[in-house]
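Let's start with one chain on its own, the form predicted on its own, as structure tokens.
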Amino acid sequence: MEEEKSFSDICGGRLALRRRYYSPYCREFGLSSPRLSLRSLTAVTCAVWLVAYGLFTLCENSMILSAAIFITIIGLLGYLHFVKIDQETLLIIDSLGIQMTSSYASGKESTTFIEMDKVKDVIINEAIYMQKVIYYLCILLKDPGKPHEISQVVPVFQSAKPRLDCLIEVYRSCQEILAHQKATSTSP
């Protein structure tokens, strides 16, 4: 079963939360942010090229125009490949673990997998960001030497920065799966 719902990020931008239920104990959540705006891309490109043309008229050196074109193209490719994330997904499987995937605008994907026996809990935490209090979902990892303590906090949906209402939906679903996993791992 798949359903999609619309939410906002912390800046008011639109996000789409896609939920897939593969089984009662296997769920996937995908947060998609808007694609790169052609209007903003055109504005930045024009601004860089106008500054380069102004410098060209002052210096009468064609290398300035060539450098501006080269820098713009390299900058855009770098932005699409390393910065602009189109979609972030969280796949949680009861007996296996949690997989987080970030899909970049260039098509590159980055995946992190956490085994379920390393997961202590999934929580919603708060932080101060740009003079605002924001909420974020994070995975608490057990300390291997001291299982009652936390060794690491892994934030989820770092790029999308969804608001609390979106995080609560993902949190509740994760808690259902974690509760089932804890119940089955403690029963003989």
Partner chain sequence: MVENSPLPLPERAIYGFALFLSSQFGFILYLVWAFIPESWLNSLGLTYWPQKYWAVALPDHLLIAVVIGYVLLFGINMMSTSPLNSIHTITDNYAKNQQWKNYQEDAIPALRDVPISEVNKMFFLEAPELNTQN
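Keep in mind that this is a model prediction, so the values were computed, not measured. Residue numbers count along the first chain shown, from 1.
The protein also exists as the form predicted in complex with the partner chain; that form is not presented, and the subsequent description refers to it.
In the predicted bound form, the partner chain sits within 4.5 Å of a heavy atom of Q158. In the predicted bound form, no heavy atom of A16 sits within 4.5 Å of the partner chain. Residue contact with the partner chain in the predicted bound form: F70 places no heavy atom within 4.5 Å of it. Put simply, V48 is far from the partner chain in the predicted bound form: not one heavy atom of it is within 4.5 Å. This chain lacks the partner; the member of I123, L36, I64, C26 within 4.5 angstroms of the partner chain in the predicted bound form by a non-hydrogen atom is I123. Stretch 147-155 is the answer when you ask which of 40-48, 27-35, 147-155, 56-64 has residues with heavy atoms within 4.5 Å of the partner chain in the predicted bound form. Here the marked residues L164, R172 and Q175 all reach the partner chain in the predicted bound form, each with a heavy atom within 4.5 angstroms.
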